[in-house]
Ligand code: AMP
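Here we start with a single chain on its own, the form predicted alone, put down as structure tokens.
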Amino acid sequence: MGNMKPILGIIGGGQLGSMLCHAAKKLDIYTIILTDDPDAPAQNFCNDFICTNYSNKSEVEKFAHSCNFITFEFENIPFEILQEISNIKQVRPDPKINKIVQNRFSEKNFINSLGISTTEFAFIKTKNDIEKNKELLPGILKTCLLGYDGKGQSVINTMEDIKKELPLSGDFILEKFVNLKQEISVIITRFQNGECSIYEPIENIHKEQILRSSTIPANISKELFNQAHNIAKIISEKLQYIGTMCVEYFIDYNNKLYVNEIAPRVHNSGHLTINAFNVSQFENHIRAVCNLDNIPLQKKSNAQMINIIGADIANYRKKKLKNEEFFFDYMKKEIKSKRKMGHITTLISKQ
């Protein structure tokens, strides 16, 4: 390749894609974004931008042939398209992993098959199936496919709620509520030689099913800390994962740990790693998928990240930042009420 930079193709052009491009620049890697969104914010950060329908075979193949390495920034790209790209140039992490974790029912069965706890759940096709599984109430009904930031979810407290119009078309999963004390996540990067780089557990607060804040250190026991790390490691090993992934957990009032879900990509709760660690989750992901060195992690500071939702972004764009504050504007064209528009990370001294 002479003096040419390695070329990394990233499928998807949202804020995660933007941050991957930013990290790639630091590593002197050339980035090409492939997206079907003409307003995708990652176009402000990448070297090359391809906007086309994912079903446009010739454009997608041209993209695949022009890259040395390929990854993605969100998991809901049709599996068949990822698989087609992977036949030309290996996509990392492997699209087969998406097949498991894209579907909430198969994801939970996979986690349980490893002897790891999840909340109790049942597969739901009709309202009658909820009747048959009413011991799971109060619970939350989620679509098996798609849905994030609370989309595709309905809370069902009693059978009375079923009598209201529920959008039952397609496959659903009914999850029993956990007596929730805390939510944490673990960001782990697994490299091609099998080595793992694991960040400390992050404590998360959600409001209306949207992540509002993430903090390190998490206020948990050493035992839960180690358990959360071990589970993330077992999952990444079993999936033969390459890249950064996130495991989200519930902790109940008996201090029992449950896996809520796996995100096969860099994750919102890991944004604080950009400022709080020597290597961010984004840089680690690129290092893993491009087969670069694994650099030992060092925490530089404790931190809290707050998501900036909807119209709040206007205030932050005018805000005068303190030394320990880092503001990220995702440069999204349209402001929507429940949309993540940016985040602010505040570093907190370790004491």
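The model shown is predicted, which means the values in this text are computed figures rather than measured ones. All residue numbers refer to positions in the sequence shown, first residue = 1.
What follows is about the form predicted in complex with the ligand, which we do not show.
- Not displayed here, the ligand is kept clear of residue 252 by more than 4.5 Å at the level of heavy atoms in the predicted complex.
- In the predicted complex, at least one heavy atom of residue 183 sits within 4.5 Å of the ligand.
- Interface membership of residue 140, defined by any non-hydrogen atom within 4.5 Å of the ligand in the predicted complex, is confirmed.
- In the predicted complex, the ligand sits beyond 4.5 Å of every heavy atom of residue 191.
- For the ligand in the predicted complex, the listed stretch (78-86, 219-227, 275-283, 172-180) containing residues with heavy atoms inside 4.5 Å is 172-180.
- 119 is the sole member of 268, 119, 213, 103 with a non-hydrogen atom lying within 4.5 angstroms of the ligand in the predicted complex.
- With the partner omitted from this view, the residue of 132, 206, 125, 238 that lies near the ligand in the predicted complex is 206 [heavy atom within 4.5 Å].
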